[in-house]
Each structure stands twice: as C-alpha cells, then as structure tokens.
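This document starts with one chain, in the form predicted alone, laid out as structure tokens.
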Amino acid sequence: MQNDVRTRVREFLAPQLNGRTLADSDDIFALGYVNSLFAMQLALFVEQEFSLQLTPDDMEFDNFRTVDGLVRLVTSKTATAA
C-alpha cells in the first residue's frame, strides 16, 4: 500500500520537478519546486486519487511538504476509513 501511494505521489509531483532528483524527505516547498498555491492542488490530488475526504485537521502543512508526509497522510486516512 505505502509503495503504491509513494509511486502515485511521485508521478503527480514529477512535472513540478523538471527532472530533478527528490528524496522522500525533501521539502518540496523549501527547495522551491512548488509554491504555496500548489498545496491546494496536492490536497485535491489526494482526495481524488485516493478517494479520501480531507478535514481541516488534515490540512497541516507538514502533511504536504514531503513525499513521506503525503504517504503518511494517505495511509493514515485509508486506515481510519477501513
């Protein structure tokens, strides 16, 4: 499950990276790969791609700044939905 989520998140981020290498723990915002407006696109992607409903508590910036954070968010939401 986690590897599938990681792969799908990385595929979504790929166009923003322009071929640059990204570690799962790299902060995509601090590195300048994306801007704060992209956070909303990430939230929509997570909801649509993984059929999840995000709550205001889920909108913590730390959930969206790294691949690891996104994977944690999706896997925790799917575990509670099951």
Partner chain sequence: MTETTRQGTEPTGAGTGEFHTRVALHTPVAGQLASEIERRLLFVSSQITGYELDTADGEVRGVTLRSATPLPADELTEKVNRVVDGDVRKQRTTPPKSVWTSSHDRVVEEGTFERLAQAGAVTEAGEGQVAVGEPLLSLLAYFDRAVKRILGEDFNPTEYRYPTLISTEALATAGYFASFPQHLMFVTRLHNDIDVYQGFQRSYGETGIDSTVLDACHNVDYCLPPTMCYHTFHQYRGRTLDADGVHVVTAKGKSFRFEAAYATTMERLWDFTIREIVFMGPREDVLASRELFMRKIFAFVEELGLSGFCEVGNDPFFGGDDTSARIWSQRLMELKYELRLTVAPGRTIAVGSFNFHDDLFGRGFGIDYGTEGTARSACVGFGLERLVYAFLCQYGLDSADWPAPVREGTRAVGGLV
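Only a predicted model underlies this, so the values are computations on that prediction, with no experimental measurement involved. Numbering follows the first chain given and starts at 1.
From this point on, the text means the form predicted in complex with the partner chain, which you will not see here.
Engineer: Whether E11 contacts the partner chain in the predicted bound form should be assessed with a 4.5 Å heavy atom distance threshold; does it?
Structural biologist: No - in the predicted bound form, heavy atoms of E11 and the partner chain never come within 4.5 Å of each other.
Engineer: Whether E49 contacts the partner chain in the predicted bound form should be assessed with a 4.5 Å heavy atom distance threshold; does it?
Structural biologist: Because no heavy atom of E49 falls inside 4.5 Å of the partner chain in the predicted bound form, the answer is no.
Engineer: Considering only heavy atoms, tell me if M59 and the partner chain come within 4.5 Å of each other in the predicted bound form.
Structural biologist: Yes - in the predicted bound form, heavy atoms of M59 and the partner chain come within 4.5 Å of each other.
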